[in-house]
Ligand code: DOR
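Take a look at this one chain, the form predicted on its own, written out in structure tokens.
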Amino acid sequence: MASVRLPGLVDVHVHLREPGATHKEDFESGTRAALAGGFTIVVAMPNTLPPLIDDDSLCQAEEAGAAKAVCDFGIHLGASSHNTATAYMLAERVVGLKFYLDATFGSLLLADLGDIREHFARWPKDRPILCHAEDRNLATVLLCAHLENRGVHIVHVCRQSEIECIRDAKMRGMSVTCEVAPHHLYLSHDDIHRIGPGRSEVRPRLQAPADVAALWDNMDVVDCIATDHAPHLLSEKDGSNPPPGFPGLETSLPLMLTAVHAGRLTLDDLIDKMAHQPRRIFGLPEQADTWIEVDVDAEWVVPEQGVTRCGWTPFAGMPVRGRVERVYLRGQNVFHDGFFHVEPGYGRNVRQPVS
């Protein structure tokens, strides 16, 4: 057994389903899954019910997080056609502004170029803009960011054409960062038959093996590994209209440690992409006396069910190496060998100063 101490991990892309769909997940169950996966900060996405686009909806999420979260958390605001003139006024309370420019779960699709440009122009430059921008929409947001002389972060990159476009933009001095989800590094459309057509529904969709290979070949371009933890119940995934999304908080670190053992990246690369870079890009605070202890050599098989409320994973049955043993948050042992030692409300909102 080789126990290694790592910094608390940061996931800037999770769906906690609160408000509006707490049968799938909520701030307590989602942040418990985060601790089990070694994450001490998670940032919740805004495509909830209602979507987080104004003061009232943001208050609902803030209050739920303050009452229930067991690890630290932040919240992203959603960009819509209805808040182009007001979103920037909420910037101090959130981590970033999220654009949905392609098919996704929820009602926040932003289609008008004028609205996109107005959000880019108004949003403070010291707060990130995150874009779900696939294929040609990626070129749109890179141009908008360039015209406003500001940075942009591209979420869940999954295609060879996308990672190569981002690589070339970086080489030309553009301020662009990006993240890749573990499921796009490990799964392709060749896995759909094994997983099942409903259970394999995800946005962006699983791509060709050549796209997966291109992501690994360009890991030096990837700034962050982010789970896009998107839980739905198994009954929903196996239904007639399966919603898109995979859970990912509990499997992300073991999958990436397995890649370390395979020589696909180094442990320092993993720490950089799962802790240091997310903090830097999103301006997240350091957490005093916070770390995780990981048995990097532990060999185990991913079970069907974990901590997350959704009760399934597309990685069930996969052998992995590396297991979280303990998590310390602000000096308190909050997770130890599968057991939690923390009460709801211990997690802090990273955008609200501690008195």
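Note that the structure is a prediction, hence the values are computed from the model and not measured. In this text, residue numbers run from 1 along the sequence as written.
The following text describes the form predicted in complex with this ligand, which does not appear among the structures shown.
At the 4.5 Å threshold, heavy atoms of G245 reach this ligand in the predicted complex.
This ligand in the predicted complex is approached by H132, whose closest heavy atom lies within 4.5 angstroms of it. Looking at H156, you'd find a heavy atom of it within 4.5 angstroms of this ligand in the predicted complex. Looking at A230, you'd find a heavy atom of it within 4.5 angstroms of this ligand in the predicted complex. None of T258, N137, T104, Q207 but one reaches within 4.5 angstroms of this ligand in the predicted complex through a heavy atom, and that residue is T104. Put simply, of R127, R122, R203, R167 only one has a heavy atom within 4.5 Å of this ligand in the predicted complex, and it is R203. This chain is displayed without this ligand, yet in the predicted complex the stretch 195-203 from 264-272, 171-179, 195-203, 71-79 comes within 4.5 Å of it by heavy atoms. Although this ligand is not shown here, in the predicted complex the stretch 15-50 places heavy atoms of H15, R17, N47 within 4.5 Å of it, in sequence order.
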